[in-house]
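Take a look at this one chain, the form predicted on its own, written out in structure tokens.
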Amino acid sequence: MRIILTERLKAHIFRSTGATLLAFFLSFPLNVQAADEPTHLPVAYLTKEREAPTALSNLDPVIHDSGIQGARLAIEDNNTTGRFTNQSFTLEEVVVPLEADVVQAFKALAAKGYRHVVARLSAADLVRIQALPEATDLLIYDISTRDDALRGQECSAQVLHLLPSRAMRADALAQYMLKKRWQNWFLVIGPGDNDRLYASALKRAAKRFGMRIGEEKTWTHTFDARRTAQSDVPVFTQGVDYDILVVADEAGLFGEYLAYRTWLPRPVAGTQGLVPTAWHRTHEQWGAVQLQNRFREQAGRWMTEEDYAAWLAVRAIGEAATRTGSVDHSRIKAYLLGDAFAVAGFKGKKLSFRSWNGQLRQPVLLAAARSLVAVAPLEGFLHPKNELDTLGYDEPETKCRLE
């Protein structure tokens, strides 16, 4: 079969997948010999139902399909490429009911021969499935956790992490604050376990970049919006001198009430205010607008971090299959963790996996509610090998021991 890239076909490719894939196609010879039957690579998407969180605002829609929409879009992108490389990709979606066991669902996927499982699971469930014997011969693509422990002492050679860790997010904030010379922090910590984990990452980043945490307090007040806004916040922040208030409130129980209500007029950053994130609806640089538009056309909403992580996971699989010319699991895994691998993520730099802990190295966006403020790593933060490794735990710092 002979494939000729006409001008009309080039235009179609650009509209569907963007300039990055178009440049990739044009790097091939114009005449490609293809086999009659394409090779097939199945991908599984595994998630578990979650209890609906308490609605904190009527302005925020409740999203029930976060993650899977990104995976669906990436499968389409992979198959667009696959028409030229004689490869096809399919996606099986498995949603485990709230009361059911995710381990059994994972074992069933492994028994059916799936070697690539995109997992939107809690940290506890991820630890359970990565330790199973069935996980030995496959790859799990974690699209939902931020835990540094899963990239450290609890890491697994079978897991790749697509979202930035808490340490990466905290380092991104610290780089920007150092640039702005906001070196005296007031750290406010929520009551949850995740809040304490994020606070630990912020303390590590402060020490790493020469910041000073002049005051640290745990939020113990009510979560009633009216009382919090009118009296609790001014009293809570009174009597403290600082450059910036840094908040660790991952559940969003009180952090939104801090801005504009503190005793001193100071900016807010962390889980609210200026937020470090993998993806944000205001991001339009480096061709990101075309991904934003294609996703909105498909899903009818903005792309979330989990959508972006799932899209990256499936695109990484497709990129590895394309570059190796194979759907063999061992070849794809070796390529994903090798120096030659890179995937375009619409953030100005090629993204790749850290071989020592499976973390995807990537820029971190610093965004306010309606504007993109900066992208870390910032200019001037250097690294002997890869500037993206200035974010999070570098290889000499890791506690991960992949075997």
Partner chain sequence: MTGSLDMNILTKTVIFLSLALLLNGAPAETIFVTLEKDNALAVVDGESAQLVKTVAIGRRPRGIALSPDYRRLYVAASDDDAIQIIDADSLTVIGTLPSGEDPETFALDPDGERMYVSNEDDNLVTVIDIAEQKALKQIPVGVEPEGIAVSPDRKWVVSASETTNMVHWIDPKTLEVVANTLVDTRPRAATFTSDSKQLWVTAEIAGTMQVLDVDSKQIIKTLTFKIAGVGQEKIQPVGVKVDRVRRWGYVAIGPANRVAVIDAQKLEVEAYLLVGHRVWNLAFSPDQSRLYTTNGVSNDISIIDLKRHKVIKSVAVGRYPWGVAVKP
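Numbering follows the first chain given and starts at 1. Model, not experiment: these values are computed from the prediction.
Note that the form predicted together with its partner chain isn't included here; everything after this is about it.
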*asked:* Please determine whether residue 353 contacts its partner chain in the predicted complex, using a 4.5 Å cut-off between heavy atoms.
replied: no
*Heavy atom of residue 290 within 4.5 Å of its partner chain in the predicted complex*: yes
*Considering only heavy atoms, tell me if residue 311 and its partner chain come within 4.5 Å of each other in the predicted complex.*
yes
*Would you check, heavy atoms only and a 4.5 Å threshold, whether residue 116 touches its partner chain in the predicted complex?*
no
*Can you say which of 266-274, 316-324, 199-207, 150-158 gets within 4.5 Å of its partner chain in the predicted complex, counting heavy atoms only?*
316-324
*Name the single residue among 301, 221, 261, 83 that comes within 4.5 Å of its partner chain in the predicted complex, judging by heavy atoms.*
83
*Of 231, 285, 194, 183, which one comes within 4.5 Å of its partner chain in the predicted complex, counting heavy atoms only?*
285
*Taking 77, 348 and 387 together, does each of them reach its partner chain in the predicted complex with some heavy atom inside 4.5 Å?*
yes
